[in-house]
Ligand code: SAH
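Just the one chain here, laid out as C-alpha cells, in the form predicted alone.
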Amino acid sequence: MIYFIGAGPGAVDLITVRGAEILKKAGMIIYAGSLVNPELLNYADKEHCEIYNSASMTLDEVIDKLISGHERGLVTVRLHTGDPSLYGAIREQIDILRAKNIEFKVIPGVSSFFAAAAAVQAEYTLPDVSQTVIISRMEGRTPVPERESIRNLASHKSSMVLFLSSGMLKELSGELIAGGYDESTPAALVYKASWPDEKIIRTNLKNLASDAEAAGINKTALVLVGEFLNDKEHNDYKLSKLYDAKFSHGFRQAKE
C-alpha cells in the first residue's frame, strides 16, 4: 500500500498516531525534505527502510520510487508537511497512481495554520468578529485565479491565513489594505510554527513588512490577519451560546 501522510507542522509529536504507526512499518519513505522535520524519520526502522528526500526530485522521479516500492510489496510512504490537502501537490501524484490502478490511502495531518493559531493563542472564529477563515496565498510563480486575488478576498475582512507569502510581505500588505482592511488591522507572522526555533511577530498591516525584515524572516512563515488577533481589551466579541446558561440545546436545558 502507498500512503500519503501529513507529517504535521513540524514538532515530532504533532504527527497523528496513525501516521506515526505507519512510519514504523514503512519499507520506503519519500519525504519533503525542505519542509518536513527530519527527526520524524526516527519513527522508521532505518536499517530496513529506504529513505529519499524529494527536495531534489522531480514528479516523475517521485512516482517511479512510489511504484517501485509498491511493486516490491513495501509499505510505501509519501510524507508531506502539515496536512497534504493544503498546498501539498498530492493531486498530481494520486491522479497518476489512479491511472495505473495503484491503490493508495491519505492520512490527514495537523496543518501549520492550526499550529500558528496555537502559537499566538488565538481563535479564528470569534462570535461577532469573524465566523470565516480564508486560507490563501499571494500570487508568485504559481498563479492565483483573479477571483481569488488577495485584494478580492480582503473585501470580506474575515480571519485570513496566508501561506507561501512571507517573501512578499510589502506587496501582500498593500493588497490587503487596498482590498478593505485598515492598515491598523492586527497581524501576526509565525515562523516555523511548533518547531524548536519558532518565532512570533505581532504587528499590524502597516508594519508587517518592516517588522519581518527587522527580524530576518522571509520564508517558512505564515501570515495571520484579522480582528481575531486583538486582545480582550480591544476585541468586543460575544460569548458562545453553547455554554450560555440561558441557552437550551439537546444536552442541556436553560438554567435561567
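Start at 1 with the first residue shown and count on from there. Quantities reported herein were computed from a predicted structural model and do not represent experimental measurements.
Quick note: we don't show the form predicted in complex with the ligand, though the next part is all about it.
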(message) At 4.5 Å between heavy atoms, is Thr220 in contact with the ligand in the predicted complex?
(response) yes
(message) Given that the ligand is not shown alongside this chain, does Tyr87 nevertheless sit within 4.5 Å of it in the predicted complex, heavy atom to heavy atom?
(response) yes
(request) Would you check, heavy atoms only and a 4.5 Å threshold, whether Ala193 touches the ligand in the predicted complex? (result) yes
(request) Look up in the predicted complex whether Glu175 has a non-hydrogen atom within 4.5 angstroms of the ligand, and give yes or no. (result) no
(message) Using a 4.5 Å heavy atom cut-off, which residue among Ile51, Met57, Leu35, Ile201 comes into contact with the ligand in the predicted complex?
(response) Leu35
(message) Considering non-hydrogen atoms and a 4.5 Å limit, which listed residue (Ala122, Leu164, Ile102, Val106) is close to the ligand in the predicted complex?
(response) Leu164
(message) At 4.5 Å between heavy atoms, only one of the stretches 40-48, 62-70, 220-228, 205-213 reaches the ligand in the predicted complex; which one is it?
(response) 220-228
(message) Pick out the residues of 62-101 whose heavy atoms come within 4.5 Å of the ligand in the predicted complex.
(response) Thr81, Gly82, Asp83, Leu86, Tyr87
